[in-house]
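The chain that follows stands alone, in the form predicted alone, written as structure tokens.
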Amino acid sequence: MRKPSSIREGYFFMQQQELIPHLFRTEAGKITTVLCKLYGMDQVELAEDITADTFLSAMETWPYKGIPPNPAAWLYTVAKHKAINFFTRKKIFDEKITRELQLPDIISENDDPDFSAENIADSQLRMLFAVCDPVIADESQIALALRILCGFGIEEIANAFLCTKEVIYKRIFRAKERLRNVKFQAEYPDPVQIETRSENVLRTIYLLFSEGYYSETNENTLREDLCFEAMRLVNLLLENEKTNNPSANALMALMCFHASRFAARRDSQGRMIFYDDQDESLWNRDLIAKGSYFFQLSSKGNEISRYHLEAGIAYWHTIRNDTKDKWENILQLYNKLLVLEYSPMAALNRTYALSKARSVGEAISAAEKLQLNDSQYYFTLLGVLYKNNDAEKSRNYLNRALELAKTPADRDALNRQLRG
């Protein structure tokens, strides 16, 4: 993008720098899914091209004409016109130049992209379940959903999967090839298919929330826009009787409990505040109550998912007292979570609960057995656990964590630990 040439243009340039990335995150997926519902899933790249062209128009137009009163509506209108213009050009091309090639009809005379709130919600829900079809490998399903529906960058997806960008490019390419080959339509699966695909749908939304809750690919460690977009997608599931299930309610409860402490996680300078130092008066009691409501709904039936257990852990973190009973409950939930679905990060978090519920010595012993030597969080936790027992060891571990830290926020937090 060229540099602004006036004060007025510079003002809009700065607004644009903040607004357009935010809108891309929240609106690009909506535009793409509406177009895919209209044209067919095999035309996903066409839909992405129209979406990208729409945002390019915003970047070129808004510095001169100003940001419109309703930016999202402006984007929908431009996307609609671009889709119609594409049809017009294609029709002329097909009729006058390539009739003999018998190209497939992507768009008909009556096609008109519908960007109403109802159709956007319907399109995104259909897209979620269409992408999570078993004919596409699990990792590719989630990568494609994060890319199309959630506006994730390749680096963010790679970080979520702990792999390289090249691997993610290949996964997305293969998933799109599969969509083209089988001529997918964004339709609701039957009840059996909904049950089999729900796990990956929920995992995709969970990864979106996780990237927002603690981002390693952005200067802002807490990205509330991603978290609230994830909550919006879960709400789509809960508003549809076909997709409203205990796990979805548990995931919404988990997100509400975590979101309730957003205001307390950063100080006035945007720096992270650790849990033990948070101001409880800043916790959002409405979100805690909302989380409790969904947590209660999630208890229907006999199903216990990772989201139930993580929601339980998050719930106990909204209880301010620091008693051993509280941490014993958290510890037992971590034990069940590790049996159900083991992850190194959950095991690491368990050791902190162990230090609170039992003893620091027991926690140190459990943590050192994990040997997560490539993780800054592993060395951060050891630094914290050794703080009152061996100051030199604590400092060495924190310095090692500092060497591995990926974001300015992490480095700032570790430097404060070292100074403290």
Partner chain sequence: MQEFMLIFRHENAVGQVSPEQIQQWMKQTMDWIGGIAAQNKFVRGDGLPFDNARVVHHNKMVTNGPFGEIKETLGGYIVVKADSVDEAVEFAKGSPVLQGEGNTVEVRKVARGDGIH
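The model shown is predicted, which means the values in this text are computed figures rather than measured ones. Residue numbers count along the first chain shown, from 1.
If you look for the form predicted in complex with its partner chain, you will not find it shown, but the lines that follow are about it.
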Original post:
Do Arg350 and its partner chain share at least one heavy atom pair within 4.5 Å in the model of the complex?
Top reply: yes
Subject >> Distance check, Ile67 to its partner chain in the model of the complex, heavy atom within 4.5 Å >> reply: no
Subject >> Residue contact check: Tyr275 to its partner chain in the model of the complex, 4.5 Å heavy atom >> reply: no
**OP:** Please run the contact check for Lys336 against its partner chain in the model of the complex: heavy atoms, 4.5 angstroms, yes or no?
**Re:** yes
**OP:** Go through 339-347, 77-85, 137-145, 194-202 and give me the stretch that gets within 4.5 Å of its partner chain in the model of the complex, heavy atoms only.
**Re:** 339-347
Original post:
For the spot marked by Glu328, Gln332 and Leu370, is every residue within 4.5 Å of its partner chain in the model of the complex through some heavy atom?
Top reply: yes
